[in-house]
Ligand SMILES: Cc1cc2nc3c(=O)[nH]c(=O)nc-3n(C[C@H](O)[C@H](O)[C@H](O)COP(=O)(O)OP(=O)(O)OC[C@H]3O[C@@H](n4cnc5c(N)ncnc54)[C@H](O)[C@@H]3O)c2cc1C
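Have a look below at one chain only, the form predicted alone, in structure tokens format.
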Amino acid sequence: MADDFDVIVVGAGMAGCAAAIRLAKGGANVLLLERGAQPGTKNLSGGILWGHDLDAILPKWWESMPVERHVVRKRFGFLTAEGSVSFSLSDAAWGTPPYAAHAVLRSRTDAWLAAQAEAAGATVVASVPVERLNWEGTRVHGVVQGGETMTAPVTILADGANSRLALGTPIRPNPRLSAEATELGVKEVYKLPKGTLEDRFNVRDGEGHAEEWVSGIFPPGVMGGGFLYTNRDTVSLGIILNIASMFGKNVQSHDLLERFKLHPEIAGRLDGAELVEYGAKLISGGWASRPASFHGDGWMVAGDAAGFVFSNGLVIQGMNYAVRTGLLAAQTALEAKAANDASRSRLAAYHRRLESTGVLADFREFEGLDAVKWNPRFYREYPELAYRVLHDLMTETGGPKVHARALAWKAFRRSKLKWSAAAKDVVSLGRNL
């Protein structure tokens, strides 16, 4: 009996849409399924898109995709109870076509990408919460929804960090996500008058500002950071939390978001702003959250569902890996179609592509980052130490000048840091970052 489709893609996010576009343009009969009422409605993420990978399927995509602003400045810093320490990077080349990165709102971009997939020939169906994969022994042969089975030799899972279709199966044998390898993002969107936004963030029309913060303002032991991105006439603002660090602390994520918003460094940005959106989502924890395998008989996993979110606190990237891995999975599926072979050995070409394009190397090379990123001292002692040294160095008191090394020694003695721990952290930072 003939299959219903050549390939079924589950999830119309960046990975799923990119895969569907490539498959449809390659002549495959592809079904793209989305759980939300329409593509984008279930994807809260909105951040910075480094979209070079889209060039392969949508030349000059930035001219028609509903992106918000092209980023011309990135800022990174530490928040403390008393103040903040930060630095920013600007690059003139970022402000000229084809641009380096764009601020995006996924409800808009994902809907647009799904429309491109449909225009290329893919069948796009929303409001379909797929119940389970159609397992035939160790092989996946399509999906099951509402008692109906839709078959395809290849199924690509691109259904996000909380991939319910993978949990408790050979793809992810554990029936639950690991709190240590999953993060929680909480986000709000505030509307600002267009002229106010440009003046407040010192950008021109079409230009964008992005910033990320390591938070030293949460209760002791709770680890996380904040972000702020400028859109056309709104600001995306939120926090990312280490879920495991919240256990036993009697804290609520919305209270932590309020702390971030009320910090003097952030609060002024929201003067006169109107809250228009609020939500939360789970975020893959990178290499530690990868599945048992990225492919098997009749299936591949791409994007967030495969743990492809890179974050070291300074660099946060996920959408670019979603697009790239979606394209790599699609190319592998096209070759499987041509060979009439969707076996594990044939789909192993996907793993080889992940290796040859540097995707796996990026995550494997920085595997030890979690030891740095989720070190409690980076969320309390070090931000306070940096703030205190720079504050004392730059503040005029009317007294004699003091050498920076003396100020650093004084601040170190006032902190709770031990020499042995600090030395260990320096070595770990140098080795993994």
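In this text, residue numbers run from 1 along the sequence as written. Because the structure is predicted, anything quoted here is derived from the model rather than measured.
Same protein, other form: the form predicted in complex with this ligand, not shown, and the subject of what follows.
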Just one of 192 to 200, 302 to 310, 115 to 123, 289 to 297 has residues with a heavy atom within 4.5 Å of this ligand in the predicted complex, so point it out.
302 to 310
Quick one: is Phe227 in contact with this ligand in the predicted complex, heavy atoms, 4.5 Å cut-off?
yes
Wondering, does Ala20 line up within 4.5 Å of this ligand in the predicted complex on heavy atoms?
no
Would you classify Pro383 as touching this ligand in the predicted complex, given a 4.5 Å non-hydrogen atom cut-off?
no
Look up in the predicted complex whether Leu177 has a non-hydrogen atom within 4.5 angstroms of this ligand, and give yes or no.
no
By the heavy atom within 4.5 Å rule, which residue out of Thr151, Thr182, Asn320, Ser84 makes contact with this ligand in the predicted complex?
Asn320
Only one of Ile217, Leu347, Val130, Leu328 comes within 4.5 Å of this ligand in the predicted complex by heavy atoms, so just point that one out.
Val130
Could you run down 11 to 27 and flag each residue that has a heavy atom within 4.5 Å of this ligand in the predicted complex?
Gly11, Ala12, Gly13, Met14, Ala15, Gly16
